[in-house]
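Following this are structure 1 and structure 2, which are two forms of one protein chain, each written alone as structure tokens.
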Structure 1
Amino acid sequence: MASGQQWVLVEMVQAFYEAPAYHLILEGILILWIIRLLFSKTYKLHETYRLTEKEKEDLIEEWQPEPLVPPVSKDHPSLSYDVVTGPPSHNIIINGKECINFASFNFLGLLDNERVKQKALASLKKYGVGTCGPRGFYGTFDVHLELESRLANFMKTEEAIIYSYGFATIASAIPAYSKRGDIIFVDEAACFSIQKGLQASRSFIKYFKHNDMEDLERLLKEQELEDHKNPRKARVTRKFIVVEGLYINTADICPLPELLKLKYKYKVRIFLEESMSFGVLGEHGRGVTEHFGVNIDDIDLISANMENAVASIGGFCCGRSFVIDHQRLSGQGYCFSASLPPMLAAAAIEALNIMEEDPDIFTVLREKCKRVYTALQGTPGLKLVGVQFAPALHLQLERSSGSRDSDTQLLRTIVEYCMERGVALTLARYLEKEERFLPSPSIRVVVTIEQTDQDIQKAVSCIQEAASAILK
């Protein structure tokens, strides 16, 4: 065999010598051609329209960008804000007019609580204001650790993690777990910070109709079928349901027990946003889980801010250590942001103390909510949206005038009418172009425990007067 091959080689060399010159030249050219083909790029995209320098310069000269921001018309309603002078507490001075506050989310009235202030002050005297660093780089203070363990204890979970901004809490928590390729099932009424979290996660988002468990189950079933078709992919596709406890946009409650059934049936994890329900619902203010008597361990992650009932700044997530601890390296708003000023954490701790010492405040709050809810029923031309134990209700127009702008204008007139008469209300504000499902325009009515019966009476009659005067 080997000698045979050698013979062929010898023959080839011999043929090479014997071949005529034109043949060799031709073959040489062919070989060069092949080499050129091998080393040239397969295709050149830009070659088809290669521009001269002059043309390029012209293009650059000609290009005119849009302005950085479109001009805002001078009468844009959100251009000039209402100005609050003095503390934004129960009695609030708006644009120089003293009003009773029915608009701040200060449900438990802890904003101007003397004890909270004193604790914040003591903390300020010890630590100063800022932390000058993210948690990892000397931005962790003993107060932060204390607040985290207090929150975990309060919620009866294994671990809690605090963020320095309420909005950033759920918006950072969602993308810490859900990545590209994962699937998130979300209620249509989900608040804006959830929407931003979903967007940052780059996962597949499937919206189900607000509080419609059948619709959710339909989506879950669809997904199950999909999973059967492609089990390899299904094994690595995480699935989440993201809901709010009390929805800020609709003031109603999520059907948690049904959600839990679906969770175990379809093996989906549940993330719960409780900014409106933490410190409000449940006998001890633990939120929706306590309200429904659900085991909190069944919820994978609970997130809430400390800017409403707690009346400080920041937010927290709590749940099992297995879940929560992951955020300490993956929660962007946690890792890359300066930590919460210690005095604000100290204020939150004192607020928790008050909530733990006197759980009756939650009963009081619920009673007030019920009173406002009943009193506002049957306001002419206005429809009350929400459940009776929700502390932040919405008043919408019963009959829309057809355009969103004129609806908003009508509601704004009502707000202004009430403000004139010493009742501070506010329109619920949305970024109309950014919201995934834009809620109808509404007036927000916030109940706090500081509102007396007379206050409520005054507010309700004021709203009714305004409604009958303006809506006719």
Structure 2
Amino acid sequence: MASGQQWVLVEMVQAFYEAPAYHLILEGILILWIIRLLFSKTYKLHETYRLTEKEKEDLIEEWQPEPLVPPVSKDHPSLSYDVVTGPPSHNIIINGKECINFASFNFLGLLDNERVKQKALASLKKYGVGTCGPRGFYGTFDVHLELESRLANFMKTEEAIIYSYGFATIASAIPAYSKRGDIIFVDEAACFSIQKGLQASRSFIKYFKHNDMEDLERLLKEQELEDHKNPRKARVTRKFIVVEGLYINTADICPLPELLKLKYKYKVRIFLEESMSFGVLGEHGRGVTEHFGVNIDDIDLISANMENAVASIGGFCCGRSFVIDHQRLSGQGYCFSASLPPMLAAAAIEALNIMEEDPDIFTVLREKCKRVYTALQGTPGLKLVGVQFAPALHLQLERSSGSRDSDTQLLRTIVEYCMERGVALTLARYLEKEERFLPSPSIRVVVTIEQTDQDIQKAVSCIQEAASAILK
């Protein structure tokens, strides 16, 4: 027994000599730390000092809470409104002054259309003002179902779903399909409602440069390599591309045919936001798919609002039935918001009737867009941004002052100059602290079919005159 213990001791000593230096150092540190813990004194908490009632009252009086929101001056532009009197149709009365309207998104001039107003009035008398309930809780009216059917037929898709708020449409649709762990490839110029949908989805977001298909393919290739490394994860990860048909922030069009090639090459789904192109592009106003002659079934989901060309309120999504039905269970704006007021649904149906009866209005609109685009070329000190068939163009400063506030003030001065002379324009406004990629300050020029050649000439002359006088 003693010889056995002696042999173990010899082995321990031998192992000690053969052990690497770092191993001995680490064991030595651990032994010293254990000895320190064993012999260190226990820590005693200091006795709590109890405040008197007077001391408590003094502390409360001295406490100054931080402001809930940062201080904003009362003359901030967002707090001073231009008040509109009457309908914002072709001629608009702003702050008591009548102007030609180049600011409202009333592309097809349906906002003050007599047929649309009569249908809305008849619906108001039949159904009342609102619905006071979401679609799943006695908020589904026959006129809602009719509008969904008409939109699906108009867009040549299997089914459509309507929302009571345009902004919430795409912001609800994206998180209905894309969840945590999924991947979304998004254009940097995506509008704010798309950005909110991305936030709500909690997915992994990859931005590609605006309309840059090479940059998008680079990201798709990188993701493909990642998928090969972890095929088990790749099988359960959904991948989406989210783009706009006509971008509201840049007034240019997405390269849809190239996007479809990438879709099938890399096996991703495409969501297309068409609020600016629905009722504008294509022979029958069906949007960017009709403009490019693309099969609409190649697009997984199309979203648009009814607040521009249709001149109503709300929005819709359309696509295959199994895709749309999923939103009825998980589209937050659909499930939890009161449904669209019936009179606005009736107005949208009548607007669709007019669009189907007279498809020439889309040709007229595009011709006027081209006329305005050509006329605004070469405006001194201003750069025209957009494509010639976009109904909402941007005018930016050719040379920035280096300060966003200064640039915005210069453009605001041009807008005010034109308003004084009877032309209503507007600055493009953004939530500057929340935009992912903040666009440059710009004046937005909106084209409608109601604007005559004389109106266009007056507006262009006024803008050029203002630019020459202010941007010296």
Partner chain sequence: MTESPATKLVNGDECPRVKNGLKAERNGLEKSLHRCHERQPKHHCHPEEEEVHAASHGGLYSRPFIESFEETPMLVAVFTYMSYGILTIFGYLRDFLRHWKIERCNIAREKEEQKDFVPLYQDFENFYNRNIYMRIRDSWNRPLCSVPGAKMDLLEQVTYDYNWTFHYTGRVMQDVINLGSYNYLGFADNTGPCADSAAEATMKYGVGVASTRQEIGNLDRHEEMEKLVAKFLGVESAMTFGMGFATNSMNIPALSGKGCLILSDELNHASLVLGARLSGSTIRVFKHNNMQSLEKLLREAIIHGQPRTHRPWKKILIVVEGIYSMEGSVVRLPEVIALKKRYRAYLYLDEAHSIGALGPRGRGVVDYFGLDPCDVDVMMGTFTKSFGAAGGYIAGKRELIEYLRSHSHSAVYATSMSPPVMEQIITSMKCIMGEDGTTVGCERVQQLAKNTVYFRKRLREMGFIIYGNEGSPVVPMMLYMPAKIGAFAREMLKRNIGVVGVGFPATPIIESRARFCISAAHTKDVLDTALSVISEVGDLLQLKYSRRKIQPSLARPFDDDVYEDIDD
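If you're wondering where the values come from, they're calculated on a predicted model, not measured in any experiment. Every residue number counts along structure 1's sequence, beginning with 1. Definition used throughout: the rigid core is the maximal C-alpha set that superposes within 1.5 Å between two forms.
>> I need to confirm something. Of structure 1 and structure 2, which is the form predicted alone?
In response: The chain shown as structure 2 is the form predicted alone.
> After fitting the core, how far does the CA of Gln64 move between structure 1 and structure 2, in Å?
Replying inline: On core superposition, this C-alpha lies 5.7 Å from its counterpart.
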